[in-house]
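Shown here is one chain on its own, the form predicted alone, set out as structure tokens.
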Amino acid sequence: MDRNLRYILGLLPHGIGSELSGLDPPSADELRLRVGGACTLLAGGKRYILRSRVSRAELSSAFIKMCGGSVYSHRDTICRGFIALPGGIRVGLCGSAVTENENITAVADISSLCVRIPHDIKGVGEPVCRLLREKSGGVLVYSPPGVGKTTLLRSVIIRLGSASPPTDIAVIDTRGELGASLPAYLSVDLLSGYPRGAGIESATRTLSPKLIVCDEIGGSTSECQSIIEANNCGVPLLASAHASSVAELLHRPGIAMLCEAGVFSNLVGIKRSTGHDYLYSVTPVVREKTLCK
């Protein structure tokens, strides 16, 4: 059993923890807890439906433990729907939103938690590294949620940041996942908790990186403008986005704007085969308006 899963077990209600210990999976990708509903574990590509159920009191207790006893200290990320735990573990949460002027100010009555557990997969990401070494421009990695984009980006950071000579990399770690457990010997500057746009602008101005890496770009106008300005300074970007196909990816106006501006030279789709192997689909970006509509 990997250390991240062992850490999570210490925070869970006794019944769920005991059942997971009995399963003893070598690694786990995702654990879902729902008040009175089905609790599941995703491990090794297989989803287990657990016999145990959790009460609202048990889930609330687990949530407070995950917050280190101080829910208020996680207020900002809770309002964005998650909390970040040590080791790059991210917990998505569901409950009743408290709003003010259409902005979420708190989340009450937590009813479900989705615990995403990262783990390193050795040897992945070489096709992406090869594209970046060719210095042809930025790379956007896409897939549906849960396939392993963050794991792949982290692997590329380790490969390039420890090469001989190493690449100076600025990592914009907005959600506390991407930079988790990166080795200290890497040629990496970690901007933790920065909004993507602000982090990219700061890294470009002050750190002189040879590569900027960020996860899960959403395509907002301000974020895209920051990325384009960084690209105009000659700094390539490695990023990820949610999409199941190139057509779906380019249907998002922000992503289309980035492609048309020449930020990304290649779009790399990933899938997972049996085990932990990655399958790659590389699509060169043609800077034509017909492509980026």
Partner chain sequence: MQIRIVGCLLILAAGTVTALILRREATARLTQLDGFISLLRYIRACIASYNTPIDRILASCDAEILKKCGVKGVPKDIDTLRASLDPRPEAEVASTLSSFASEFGTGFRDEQLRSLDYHISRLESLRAPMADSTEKRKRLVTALCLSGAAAIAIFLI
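These numbers come from a predicted model, not from an experiment. Residue numbers count along the first chain shown, from 1.
Heads up, the form predicted together with its partner chain isn't pictured, but that's what we're talking about next.
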From the list 71, 114, 163, 198, which entry has a heavy atom within 4.5 Å of its partner chain in the predicted complex? 71
Can you pick the one in 78, 211, 191, 152 that has a heavy atom within 4.5 Å of its partner chain in the predicted complex? 78
Please determine whether residue 97 contacts its partner chain in the predicted complex, using a 4.5 Å cut-off between heavy atoms. no
Could you confirm whether residue 106 comes within 4.5 Å of its partner chain in the predicted complex, counting heavy atoms only? yes
Report yes if any heavy atom of residue 64 sits within 4.5 Å of a heavy atom of its partner chain in the predicted complex; otherwise report no. yes
Report the stretch among 155-163, 171-179, 106-114, 131-139 that approaches its partner chain in the predicted complex to within 4.5 Å, counting heavy atoms only. 106-114
